[in-house]
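This document starts with one chain, in the form predicted on its own, laid out as structure tokens.
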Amino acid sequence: MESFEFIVVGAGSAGCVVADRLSAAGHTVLVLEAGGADDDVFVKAPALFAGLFQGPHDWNYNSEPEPGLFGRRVFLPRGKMLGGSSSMNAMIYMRGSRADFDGWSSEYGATGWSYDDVLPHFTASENNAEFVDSFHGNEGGLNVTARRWLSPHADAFIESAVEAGIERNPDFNGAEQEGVGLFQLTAKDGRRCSAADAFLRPALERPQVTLITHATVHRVVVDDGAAVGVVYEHEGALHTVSVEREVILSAGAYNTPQILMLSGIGPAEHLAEVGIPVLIDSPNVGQHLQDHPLTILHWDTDQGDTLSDLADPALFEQWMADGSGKISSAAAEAAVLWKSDESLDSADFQMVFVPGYFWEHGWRRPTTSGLTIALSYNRPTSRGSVRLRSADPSDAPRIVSNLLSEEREVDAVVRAIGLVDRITAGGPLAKALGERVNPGRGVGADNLKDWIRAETQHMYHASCTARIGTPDDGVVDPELRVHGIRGLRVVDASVMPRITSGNTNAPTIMIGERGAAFILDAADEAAAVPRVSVSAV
């Protein structure tokens, strides 16, 4: 039976990093990816990312009825290809605040995950085109830059925010997160730089790495309390592969808990309901799901230089020729990071400016030009869950995010809309804004909260479903080892004890770096001795 020192399940933001770091140290690594290649032009073209939704590169999940959103089912796109969601996101490079990581360490027992602990792992990955200082790296594989097509409305938004009392911030990932400024993106020369570009492709040049795409993992094989292999489906047949050291689950906040539960690791009562034998009663598997609620406001405009003409073939030809023009835009240009409550230790809102309509995941496309300000609530307290639909690995999991399930979260969104009202009331941006069409004229103070619940979506930032903690309140220990099972780790956004205050791709890549360091430290301490053969499984 074929055997590898390490098996990495999932070639997404963290899995690509793990495969790169382990193979660079000389270890043999098998990477199993459920999706296929990332060679679609919609992957490479920043402005076209929403065109990947509900296509062959998307897991195409939908939530169960959401209690805080009037029972609406919410679309939950996730990347199903090399690079995972880093190949279909809006490419925003946002790490989160110092308070996020210090809170992980002090409030959740995530020893070794304070800001000072994780900063070197952020910089190790990064190749920043603009900043050369102690907060940034310039030799990593992940290209980070602010260079792309920008509308003149971005400066107008920034200036209007400054007039409303917001301080300028040239670097959201520097000394301070709060303020207003331009986003940096994971891009180079007008094209996406995904985790597959930055980490997996260099790894695949090494003979130690084997990649199998279209490989759906059914379960982790456990013998005598240790992970000894993986069962996966490929081209209609089941295969079992043996591991000598560790299995690393990097399948994301929805699929990682699904695989754990399919393997018999999860809440015992729930596993019994779907007919799966219980190996480890781990009640927190699939619990504590968090995402950032996203409430989007729109205005008509009669100004030019918006993204309303992206379908023009000439723009695509320009981008194909040299990576320039509107197709190099990732839609999100600038942001305000702001505290809606001064008692908070970090910003609880990320207000994203888009020089066009971004409405219903990009599907609703008005024929007129528009501008968007999207309010990402960065400090939600609501938590949802991921559960199995059945014991069949091909069945999508049952997902409830519980967005806005607490009234105080809606109150915070109301306060954020108040700040947007101040920003848009004066300054240069006001000159570009026509009628506010969402919320429209029929929405006032008496029904604003209902509008928020009826319209809010999310920021595609699923996390926390296999979080760091003790066996009583978490799934993995601070070194990301699954409680109760030797040789099994989770290395992806699932392990976050609490969601970060910003986009989650950058911290997930950091988790990949941190996890790989833990794995290599353990490998240095232990002899490479296969534990158990799985030939009889």
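Note that residue numbering begins at 1 and tracks the sequence as displayed. No experiment lies behind these values; they were computed from the predicted model shown.
Form predicted in complex with a small molecule: not shown, discussed below.
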Under a 4.5 Å heavy atom criterion, is residue 34 part of the interface with the small molecule in the predicted bound form?
yes
Using a 4.5 angstroms cut-off on non-hydrogen atoms, would residue 465 count as touching the small molecule in the predicted bound form?
no
The small molecule contact in the predicted bound form: residue 259, any heavy atom under 4.5 Å:
yes
Interface membership of residue 493, the small molecule in the predicted bound form, 4.5 Å heavy atom rule
yes
May I ask whether 181, 349 and 376 each come within 4.5 Å of the small molecule in the predicted bound form, counting any non-hydrogen atom?
no
Counting any heavy atom within 4.5 Å as contact, can you tell me which stretch out of 409-417, 236-244, 265-273, 211-219 lines the small molecule in the predicted bound form?
211-219
Ok, 359, 460, 316, 108: which has a heavy atom sitting within 4.5 Å of the small molecule in the predicted bound form?
460
Sort through 380, 96, 286, 252 and report the residue having a heavy atom within 4.5 Å of the small molecule in the predicted bound form.
252
